[in-house]
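In structure tokens, one chain follows: the form predicted alone.
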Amino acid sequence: MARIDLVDLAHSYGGNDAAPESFALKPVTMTWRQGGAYALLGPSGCGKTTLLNLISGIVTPSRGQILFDGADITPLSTQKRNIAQVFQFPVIYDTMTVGQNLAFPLKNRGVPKAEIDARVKQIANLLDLTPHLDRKATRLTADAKQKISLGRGLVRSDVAAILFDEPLTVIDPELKWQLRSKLKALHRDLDLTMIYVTHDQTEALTFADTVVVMHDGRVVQSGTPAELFDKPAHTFVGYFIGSPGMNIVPAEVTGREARISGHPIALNRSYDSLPPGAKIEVGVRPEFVDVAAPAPGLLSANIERIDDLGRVRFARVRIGDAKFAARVPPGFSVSGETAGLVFNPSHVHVYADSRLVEGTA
């Protein structure tokens, strides 16, 4: 188990002399606490797997350092870093039984048989593999094979960290929720540092205590699921987290007022020192904008369709050239082609060049 420090870490597959913007991972400095559950979240190509492979030692960074409990492990091989890694596709030995697969990492390290048996029994019980311990692994289902792969990563109690690279991709959707819940329970029981790579926000938010959102090779925000939803630090986080994502539209902002398509919207904070020349936008989640009947004083929008999700309805509207989503209040009947929008000022955020501006109270 280890605290992991990334110090000015960056990597380019084109060499250290490549242009800064071409780096697969732009410089990042951050600390992950011992025993934490972390998710690296972002779309394909954002740099999350590169970062995971740098931590594991599969890739050597172009710049910077990786520290485990304060010790520089940057030049060390994967084996010497004492980590476990679980990949997207199950890696198992078909000719072995389930129990032999789970025991293999411990047997390789010369762990006493009694200790191996006890640890295998513990992990098999946590993963519901006990009934299959004496079965050959070759004819098991894909989810059972991935459980074995997970178990092999978890069976060593001395690892500095366990890294998961999209481990549920090949799992039937019905079983994903069960395995996510199982991993969360395992994290609580085993007190191991776990880092989980995924492009699926549901996986990230349900597994991790801290979610690291990546975009274009950069870490754009790191925080709890609630922090990412309530206060996105970057417009990308706003529309990548949530379903639907955050509404982000161009605006003119002065003091405690934003103007969207010329219409004033009250703000909860004052913005008197915005960067000159910056692209100014406001962001608000659909949950905090209500559709209402058209009325003087309300921003007017053209209704394109209503999405009924059962527990809630969202109106898809257009404000000038900008698309927008707003909540349809329970019992409200949408009629006509236009509607008014009612904003909750405490949930309207201001962004300058895609970055959150705090404002003053």
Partner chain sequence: MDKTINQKAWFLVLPVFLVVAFSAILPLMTVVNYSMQDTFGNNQFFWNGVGWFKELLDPSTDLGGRFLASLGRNLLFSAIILAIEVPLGIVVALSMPRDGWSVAACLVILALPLLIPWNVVGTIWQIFGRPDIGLLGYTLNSLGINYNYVSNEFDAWATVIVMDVWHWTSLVALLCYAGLKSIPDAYYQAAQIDGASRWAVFTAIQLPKMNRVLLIAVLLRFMDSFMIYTEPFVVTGGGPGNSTTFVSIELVKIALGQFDLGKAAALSLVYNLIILIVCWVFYTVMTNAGAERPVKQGAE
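Residue numbers count along the first chain shown, from 1. Everything numeric in this text was worked out from a predicted model, so none of it was measured.
Here the subject shifts to the form predicted in complex with the partner chain, a form of this protein not shown in this document.
- Task: Answer with one of G283, G242, P286, P105: the residue that has a non-hydrogen atom within 4.5 Å of the partner chain in the predicted bound form.
- Result: Checked against the cut-off, the match is P105.
- Message: Exactly one residue in H215, H234, R119, K145 has a non-hydrogen atom within 4.5 Å of the partner chain in the predicted bound form; which is it?
- Response: Of the candidates H215, H234, R119, K145, K145 is the one lying within 4.5 Å of the partner chain in the predicted bound form.
- Message: Although the partner isn't part of this model, could you tell me whether T97 comes within 4.5 Å of the partner chain in the predicted bound form, counting any heavy atom of the residue?
- Response: No, T97 stays farther than 4.5 Å from the partner chain in the predicted bound form.
- Item | the partner chain contact at I92 in the predicted bound form, heavy atom, 4.5 Å | Looking in the predicted bound form, residue contacts with the partner chain include I92, since a heavy atom lies within 4.5 Å.
- Item | Heavy atom of M30 within 4.5 Å of the partner chain in the predicted bound form | No, M30 sits far enough from the partner chain in the predicted bound form that none of its heavy atoms falls within 4.5 Å.
- Message: How about W177 - does it come within 4.5 Å of the partner chain in the predicted bound form, if we only consider non-hydrogen atoms?
- Response: The answer is no: W177 has no heavy atom within 4.5 Å of the partner chain.
- Message: Can you tell me which of 272-280, 256-264, 202-210, 106-114 lies within 4.5 Å of the partner chain in the predicted bound form, counting heavy atoms only?
- Response: Going by heavy atoms within 4.5 Å, the stretch is 106-114.
- Message: Is it the case in the predicted bound form that S300, I319 and T360 each bring at least one heavy atom within 4.5 Å of the partner chain?
- Response: Checked in the predicted bound form: no contact with the partner chain for any of the three.
- Query: Using a 4.5 Å cut-off on heavy atoms, which residues of 71-92 contact the partner chain in the predicted bound form?
  - Reply: Result: T78, Q79, I83, A84, Q85, F87, F89, P90, V91, I92.
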